[in-house]
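The chain below stands alone and is given as structure tokens, in the form predicted alone.
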């Protein structure tokens, strides 16, 4: 029997608001343990939670970036369960009335078809504390860090529309791109601001039934999500073919051995309306205000870049993959550099310099204006590509302009025919065999001769002019 997979995702996204969800403590979970705490986020008896307006703004922007319908009323519930990282015994979450519903994202499948994947709902909830496992006097102990307690989260619950690991990974890439554009979250699985659980079941191919699902946790990259889904699909198929039953439970992904292993039975505690946090009422005017605050989103930006700058769809998609990248590209073009040159140098050499120094593009000491000036010198044949790389690297370590660095390092390209003619004469007279081979039609010799000229001029000679002079003399 042929089986097909049915996959849905639950994604927890940490919002980057300055404070926690229900108190004024800094939203900085990575700070030294238990530094950012108060009676409210320590969950002490009698402390009253006060909902943050800034958290709401971040959450609404995120929902709108995913094409969701904002609900005019949403309510917090007490999701009851006990665990050491939640000592008060319940988590404030939105079970009965979530913030938004009915979102969607489009992906391109492996078959190169556009498929719309639906988002069932997005609700807000507070994060729990973090358990830190250590060894003390040869004994394993667990400590609790409350810095993360009360940090603002949204949980994005998809419909079970995905049929392969490829679908899931493409959805997560699109989701991450959209949310980063909204400015609501860094969306980093590596740093814990984005956490993904996958619900996977299988059914006979072509069937419309929904069978027992298994939840998989502990994936810390999009690639790991794909690997975990592939393994779980294969495991469930093998179990079915051997006559086994799929039991509802939660499994952990082991990235080292690339297997899933049982963690616990699936538990769902009661959700009781919380009396302390008021109903959140959102007006249509507020929703429209938030819509106006969203930047131009990726799909629209891609279409505009293709039309306005003559980019290919692949180039426009690449440059629009991150908001900072697209803004830097457009700023550089507006300063006078050609779009094609900018795309080549920005996505290759510039980003290499950025990554090498552990920076982000928004932190780059090289302004779009100076980058445009440097590329302008290259386009005018004032410097070579090799010199451009050298100058750009130097620009990261000094506040000097590209023009000043070119002058300081004597990198200005020589294009004057009279000046280069003497160099070519000397070159040809010293390479008689190469000249004869070139005359007989061996075009590869031209590259050799131009390379010799570049070496002789210490990289300052214009290779195009050198080649033209050589060709003229050979004829």
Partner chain sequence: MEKDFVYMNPDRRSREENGVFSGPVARLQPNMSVEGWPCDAGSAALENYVALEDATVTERLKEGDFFIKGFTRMGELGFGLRGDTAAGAVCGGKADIAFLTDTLGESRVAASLKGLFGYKPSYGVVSRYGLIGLVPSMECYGIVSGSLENISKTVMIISGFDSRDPSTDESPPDFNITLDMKNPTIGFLSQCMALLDEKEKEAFRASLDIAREAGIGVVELGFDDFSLMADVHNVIGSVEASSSGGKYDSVRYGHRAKSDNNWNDMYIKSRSASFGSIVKAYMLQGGYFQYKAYSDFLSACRIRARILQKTNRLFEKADLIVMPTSRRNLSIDIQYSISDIYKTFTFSLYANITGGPAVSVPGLAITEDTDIGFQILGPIREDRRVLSLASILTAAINRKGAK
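As the structure is a prediction and not an experimental result, all values here were calculated from the model. Residue numbers count along the first chain shown, from 1. We call the rigid core the largest set of C-alpha positions that still match within 1.5 Å between the two forms.
The same protein also exists as the form predicted together with its partner chain; that form is not shown, yet it is the one meant from here on.
J.: Just to confirm the contact call: exactly one of 444-452, 55-63, 426-434, 35-43 touches its partner chain in the predicted complex at a 4.5 Å heavy atom cutoff, so which is it?
T.: Looking at the partner contacts, the answer comes out as 35-43.
J.: Flag this candidate site as yes only if 166, 234 and 236 all have a heavy atom within 4.5 Å of its partner chain in the predicted complex; otherwise mark no.
T.: Not a single listed residue reaches its partner chain in the predicted complex, so no.
J.: Since exactly one of 80, 404, 359, 248 fits, which has a heavy atom within 4.5 Å of its partner chain in the predicted complex?
T.: Among 80, 404, 359, 248, a heavy atom within 4.5 Å of its partner chain in the predicted complex occurs only for 80.
J.: If the cut-off is 4.5 angstroms on heavy atoms, which of these, 257, 288, 278, 188, is the one near its partner chain in the predicted complex?
T.: Exactly one residue meets the criterion: 278.
J.: Is the gap between residue 180 and its partner chain in the predicted complex 4.5 Å or less for some heavy atom pair?
T.: Contact check for residue 180: no, nothing within 4.5 Å of its partner chain in the predicted complex.
J.: Although its partner chain is absent from this view, report whether residue 173 comes within 4.5 Å of it in the predicted complex, heavy atoms only.
T.: Residue 173: no, not in contact with its partner chain in the predicted complex.
J.: Any of the heavy atoms of residue 88 lying within 4.5 Å of its partner chain in the predicted complex?
T.: Looking in the predicted complex, residue contacts with its partner chain include residue 88, since a heavy atom lies within 4.5 Å.
J.: Using the partner position in the predicted complex, report whether residue 48 sits within 4.5 Å of its partner chain, counting heavy atoms only.
T.: Yes, residue 48 lies within 4.5 Å of its partner chain in the predicted complex.
J.: Which residues in 123-148 have a heavy atom within 4.5 Å of its partner chain in the predicted complex?
T.: 131, 133, 142, 146 sit within 4.5 Å of the partner.
J.: By the 2 angstroms cut-off, has the C-alpha of residue 242 moved between the shown form and the other one once the rigid core is superposed?
T.: No; residue 242 is a residue whose C-alpha shifts by less than 2 Å between the shown form and the other one when the cores are overlaid.
J.: Return yes or no for residue 314: a CA shift of at least 2 Å between the shown form and the other one, with the rigid core superposed?
T.: The answer is no, as the C-alpha of residue 314 shifts between the shown form and the other one by less than 2 Å after core alignment.
J.: Residue 114: CA shift of at least 2 Å between the shown form and the other one after core fit?
T.: After core superposition, the displacement of the residue 114 C-alpha between the shown form and the other one stays below 2 Å, so no.
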